[in-house]
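Just one chain follows, in the form predicted on its own, and it is written as C-alpha cells.
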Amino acid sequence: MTSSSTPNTLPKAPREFGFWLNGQSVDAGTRDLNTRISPGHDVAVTRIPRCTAEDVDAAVASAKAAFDDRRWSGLSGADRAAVLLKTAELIRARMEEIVYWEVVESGKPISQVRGEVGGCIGMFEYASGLARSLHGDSFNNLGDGMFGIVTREPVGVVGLITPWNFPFLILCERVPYILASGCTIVAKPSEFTSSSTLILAEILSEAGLPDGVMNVVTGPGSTVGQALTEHQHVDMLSFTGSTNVGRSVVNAAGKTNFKKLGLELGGKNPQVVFADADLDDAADGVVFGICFNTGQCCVSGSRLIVERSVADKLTALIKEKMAKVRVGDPLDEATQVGAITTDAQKQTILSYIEKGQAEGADLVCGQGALDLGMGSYIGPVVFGNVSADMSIFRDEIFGPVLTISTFDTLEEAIALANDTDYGLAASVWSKNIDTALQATRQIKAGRFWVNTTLSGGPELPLGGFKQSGWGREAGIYGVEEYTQIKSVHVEIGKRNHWVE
C-alpha cells in the first residue's frame, strides 16, 4: 500500500447552500446550519441548513400541488424526455463543479467521482427514452362485449432519502426514473453530503423542470428524514441505507398511509473464486471490489470465498496488489482509496479490525488507521482463515476489510455464499460455464457479476434479496417501480340489465 498527496486547492471559506423549495433556493435564515468538515482534509467546506418538520411540510405541499395539477405528469413522454436530456447536457457542462464538491464533502477519490458523474449523465439519457416508451397493456380477448386496458400511472409524491457513500450516483440511479414515470419528488440527502443534490435541483430547474416537481430538504435523518417517512401526503418512499434503519422506515411508513416503499439496504457480498478462474484477474477484481469507495459500498465484495487448492496462491496475489493500492488525498488524481466519510464509520471499521484479531482470524495484511497528517484514513485490511461464525464474516463492516474463507466443493461454496442475512450482490470467478451458471442460479443476490465485479450501466436494475431490501431501481423496472397499475374494463354495446 502506498500513500499519495497533492496540494489541490481547498475552499478559503465554506460554500453556503440553501434548501430547494418550489423551484428556488431558500436561504437558511434563522435555521441552524450544519458545517461540513472535509474528511480528507480537516477543512470546513460547506454550510447547509438544518431544515425543520415545517420545511418538510412545505416541500411535500409543493410536490403535491405540482402532481395534482399535472404540470409534469400531464406532459407527454416526449416532453418529459426533453427535460431529462437537457439535464444530462447541463450535468456534463457542470461536471467538474459537482465532482469537486462531492470529493471535499465525502472524501471519495476525485477520479472515482468523475467516473460516477459520467455514469449519472448516462442515467438521465437512458431514462429519457423510458419516458417515451413507458406503456401499459390491452386485452382484446374478453369477448365481444368487453375490452380491457391496463394503464401505468405515476404513484404521486415520492420521498427520496439518499446516503452519504454515493451522494450523486445513488441520487441519479433514482431521480431520472422517478421523473420519467411522471412523479414529483421531495429529496433528503445525507446531512454530510448535501451539495451535489442541491446542485442537481438547480440543474433540473434550468433544464425546464416545472417548479415544485423537485424539492430538497436538508438536515439529519432523525428529524427531517423521519418527518418525510411519516408524512401523510408522501405516496412512496425510496430509502437507501442500513438494514436496521430500513426496518424503522417500514415501521414509520406503516403508522400513516401505508405508503409504497423502495428499499436498498445492507449487504455482505461474496466473491466466489473457483480453481479454474484466471487468478490474476480474480485477485485484481477482489482488491477493487473491497477498496472501491474505501469499502463504504453496499455492494462491495467483502467476503472472498475461494477454492482451497488455490487459496494460498490467490491470497499471495491479493497481498501483492494491496501493497500497491494508493491511499491518500481525495483531490489527487492518482489516489485510489480516499478518506473515511464520517468519524462514526471510522470507529466502526476499527472496532471490527480489532474483533477480527480477537476472534482468531489471521491478519494477512493491513494496519488499520493511517496518519497522513490530515483527514481520516484507513488502509485496506485482509483477514485469512475466517470461519462463518466470526462477526467479520457475518456483519456488514462498511469499510476496506476483506475476509478470506475456503471451500472444497461447489455445494459448499454456494452454501457459504448464501450464509448471510443479506442478498444484495455477488461475484463468481470461473472459466467453466457450467460452474458459473450453476452458481449464478443458486446464490441469492439481486446483482450478480461473472468474472468481473461492480460493473454495470443504466439498463440493468438494482436491488436485493432477503434483508437487502424491496423493489428495484434503474432500467425499465426502475420506472415501473414508481407507477401504479390500473385495470380498466370498457363494456361495449347495450348492457344486459340485472333489474328488469
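For every residue, the number given is its place in the sequence shown, counted from 1. Keep in mind that this is a model prediction, so the values were computed, not measured.
Below, we turn to the form predicted in complex with a small molecule, even though it does not appear here.
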**OP:** Quick one: from Pro109, Pro189, Pro400, Gly301, grab the residue that has a heavy atom within 4.5 Å of the small molecule in the model of the complex.
**Re:** Pro189
Original post:
Gly379, Gly77, Gly221, Gly122: which sits within 4.5 Å of the small molecule in the model of the complex by any heavy atom?
Top reply: Gly221
**OP:** Can you check 257-265, 321-329, 404-412, 95-103 and let me know which stretch has heavy atoms within 4.5 Å of the small molecule in the model of the complex?
**Re:** 257-265
**OP:** Answer for Trp429 alone: is it within 4.5 Å of the small molecule in the model of the complex, judged on heavy atom distances?
**Re:** no
Subject >> Exercise: Ser242 in contact with the small molecule in the model of the complex, heavy atom 4.5 Å >> reply: yes
Original post:
Is there a heavy atom of Pro163 no more than 4.5 Å from a heavy atom of the small molecule in the model of the complex?
Top reply: yes
Original post:
According to a 4.5 angstroms non-hydrogen atom cut-off, is Gln226 in contact with the small molecule in the model of the complex?
Top reply: yes
